[in-house]
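Here you get one chain, nothing else, as C-alpha cells; it is the form predicted on its own.
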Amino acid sequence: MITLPLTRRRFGQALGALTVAFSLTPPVCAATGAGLPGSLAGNRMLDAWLRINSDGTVTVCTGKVELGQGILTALEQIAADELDIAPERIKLISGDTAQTPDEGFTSGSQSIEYGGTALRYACAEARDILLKLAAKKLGTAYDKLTIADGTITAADGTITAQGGQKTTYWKLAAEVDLHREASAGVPPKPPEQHRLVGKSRPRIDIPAKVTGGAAYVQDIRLPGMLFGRISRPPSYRAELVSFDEERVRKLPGIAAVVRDGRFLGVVAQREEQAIAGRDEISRAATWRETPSLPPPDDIYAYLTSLPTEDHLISSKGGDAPPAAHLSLAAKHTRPYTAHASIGPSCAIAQFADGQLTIWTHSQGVFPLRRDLAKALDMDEVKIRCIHAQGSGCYGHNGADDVALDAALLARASNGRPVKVQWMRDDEFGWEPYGPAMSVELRASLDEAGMVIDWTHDVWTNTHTTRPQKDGCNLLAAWHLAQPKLPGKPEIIPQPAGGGDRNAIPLYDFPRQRVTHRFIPQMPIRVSALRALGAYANIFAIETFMDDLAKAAKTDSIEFRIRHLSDPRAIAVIKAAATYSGWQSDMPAGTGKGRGFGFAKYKNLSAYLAVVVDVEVDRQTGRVRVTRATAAIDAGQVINPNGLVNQTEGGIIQAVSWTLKEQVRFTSEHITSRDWSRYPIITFPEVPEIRVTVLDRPNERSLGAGEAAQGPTAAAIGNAIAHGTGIRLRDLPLMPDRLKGAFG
C-alpha cells in the first residue's frame, strides 16, 4: 500500500550518495535551455532525471504519468538501454511535484516524443560522465571500457595501473555530481546497439491491476483515513436557498459537514456513511433553478449562431477558384461526448504541519498544484501532488476537480487524510465534455477526377480548460462563497491545434482554405477529450474523400494515394490495404460493408490507416463492427506490444464513440447521468482487431496514443455507406436512419 509522504530527512537519505544538493531547477544565472531536445528544455538539470544509488539501483524520474498507455514501461526500456543496466535495477518515480521534472500534462501523444527523448539524452550524458570517471579511476582509455549491467570493465582485460580492471556505477556514485545542466552533447545509442528498445516487454503496471493489488488511487489506505462525498447543485446555475446542516450532522459516523457558498460536502468515518451523508445533503438543501443550457434539439445551429473568432489556418492557390467539372459540399457534426471513465474520479488529501499533500490521477500534477494554490489561497511550495493511477480517461475529466474537493474536506478534518470519490452521476453531470463540433466541407474535381479546390470550416469551442496560468479551472472553486473564476478559453495553436487539429488536410490539393471558427462562449462545460478536434475533422475529411472518390469513379484507396506525396503515408495506406485483403470491387448495398480511413495524427505524429468491416441489421438498423485491420507507422517503436495495445484501445474507443456515445440534456439539466442513459460499447461488441506495425528504428519516435480515433470513425461511416448506400454524417451514427431503409 502507499504510505504517508517522506519527511525532508528521509527524502534526503533516500537520494543515496550521488548528489550533494538535489534540485529540479538550475541556478538563476543558468542558460534558458533553448535548443535542448524534448522536455530537457524546461528541466535542464541531469539530477532531475536520474540518480545513481550506492545500493545497485538507479532512480529515474519522469513528469509523465501512467494512464494505462504503458508509458512507464517504455521509459524504463529507454533508460535501461542508454545506461546499460537491467530494467530491474530501475526505481521509477512518476508525477510527483516534490521529486520529478515538470513536464506539464501527459497528453497529446507526447510522452515518448518529449519525455522519452529527454530521458534518453539525460541517460546518455550520465553514462558518458560515469565512463570518464571510470577511465580516470582505472587508469585506462575511455574507448577501452565496456559496460554490462552497470559494471565497467577494461575491454582488453589487462590489469590497470591502479591494480584493477573493473568498477561499477555503484562504487562511483559518491564521486559523481549530476547536479549540472544537461548539454545534450552526448548522442544516444544508435538503434543497432539497443537491447530493449524495439522489443516487446511486459507492462510493469499490469500485474497489480489483474491480481487485485494496490494499483489505483482508490486502493490507497492511509492511517486514520476518513471518507468524503460532495453534493453538487442540481444544475450549472442553481442557487442555494437554504441548507439544514444539523440534519446531516446527526447521521452516524459523520465527522464534518462542509459548506462554503454552493459547495456542500460531508466527511465520515466509513465510506457508506459518507454516501448516506451525501444523500441526506440532497434532501436538506433547497435550490432555485433557472434554464441555463442551450436548446438540445439543434445544438449545432445554436453553436454556429454564436459569435466566433475566425482564424484562417491554411490558404494556398490564390483567391479565384478554378473552373470545376464537379463540386460537392457536406456538413458533419459531432455531439458533446463524455470521458465515461469506468472508475469515477478520486483523490486523497491531507493537511499536516501547514502542508497539503494530494494523491491524484491528474494528467498534470504541476498545473494542478498551481490551481490548488489559487483556490485555497496557499503558497504553491506548501502543496505536494503525487500521481497515483486512476481509471483511464485520456483527457480532462474530473481528476483535477476531485483533488480540490478532497482538499476542501481535508481542511476541516484535523490533519486526518480524506479520500473523496465521485459518484457516477457526479462524473457524468459535472465533468468537462469533449466539445460539440460542426464541420462544413466543399471541394471541386477536374475532369481527370483530381481535387482542385478544397474548403474546410470548423465551428468549435475550446478543447482545453485544464488548469492553466490564468484563472482557476477547478469546479469547486467556482462554487465557493468567494469564487475563483476560470481562465479565458484558450486556442491551442497550430501546428498541433485544438478544435482545428487535423483540419489541414495531409493530401496535396493545389487550392485550399481552412478556417477555424472558434466559439469563445461555452454553453456547456468542455475541455480535452482524446484526440481533441482531430476526431471530428478526420471523420469529416475521410468521409468526404470517399464521396469524392465515388464521384470520380475511383477506388477510395487509389483516390487517396493519387493525392499524396508523403511516402510514409502511402506506405501505411498500402500496408492496411494489403493486410486487410482490400478489394475495390466488393459488392455494395448488401448490408455488409467495408470502409477505409487514414490520417497522420496532428500532421506531426503517427500515421495510421484502418479498414473496417461492418454488418447492418436490415430490420433494426443496428450496426456491428466485425473487424478492424490497421497499419501504424510511429517511427522508432519502443515497445511493439505496447504500441499495438494503444492502437487496439483507440479503435475500441472510437467504435464506442462513433456508434453509441452522446451527452443528452434539457434546457436545465444534463440527463446522461448513468450507463443506461450514456451507453458505451460492451465486451461482446468489441470487434476482431488486427494491427501491423511499420517499425522505422532510424526515425524519431512519433506519438501514437491518439492516432486511431479519427480514421476508425471515418472507416465505420464509409463501411456503412458501402453496405447500405446511406451516408451518415452526424455522429454518433445511430441506427434509426438505417432501419428498413436499404435493400
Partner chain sequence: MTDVIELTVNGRTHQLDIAPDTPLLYVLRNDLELNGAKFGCGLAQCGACTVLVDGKPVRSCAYPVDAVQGRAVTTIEGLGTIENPHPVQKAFIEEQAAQCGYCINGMVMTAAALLKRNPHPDDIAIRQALAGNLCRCGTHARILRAVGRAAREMAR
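The structure displayed is predicted, hence computed values, not measured ones. Numbering follows the first chain given and starts at 1.
Same protein, other form: the form predicted together with the partner chain, not shown, and the subject of what follows.
Contact check for 291, 459 and 732: none of the three has a heavy atom within 4.5 Å of the partner chain in the predicted complex. Not displayed here, the partner chain is approached by residue 203 to within 4.5 Å at the level of heavy atoms in the predicted complex. Not displayed here, the partner chain is kept clear of residue 693 by more than 4.5 Å at the level of heavy atoms in the predicted complex. Although the partner is absent here, residue 357 is not a contact residue: none of its heavy atoms lies within 4.5 angstroms of the partner chain in the predicted complex. Put simply, residue 414 is far from the partner chain in the predicted complex: not one heavy atom of it is within 4.5 Å.
Exactly one listed residue, out of 569, 145, 519, 652, brings a non-hydrogen atom to within 4.5 Å of the partner chain in the predicted complex: 652. For the candidate set 190, 495, 307, 212, a heavy atom within 4.5 Å of the partner chain in the predicted complex is found for exactly one residue, namely 212. Residue heavy atoms within 4.5 Å of the partner chain in the predicted complex occur in exactly one stretch of 237 to 245, 147 to 155, 342 to 350, 459 to 467, and that stretch is 342 to 350. In sequence order, 67, 68 are the residues of 63 to 92 having a heavy atom within 4.5 Å of the partner chain in the predicted complex; the partner itself is omitted from this view.
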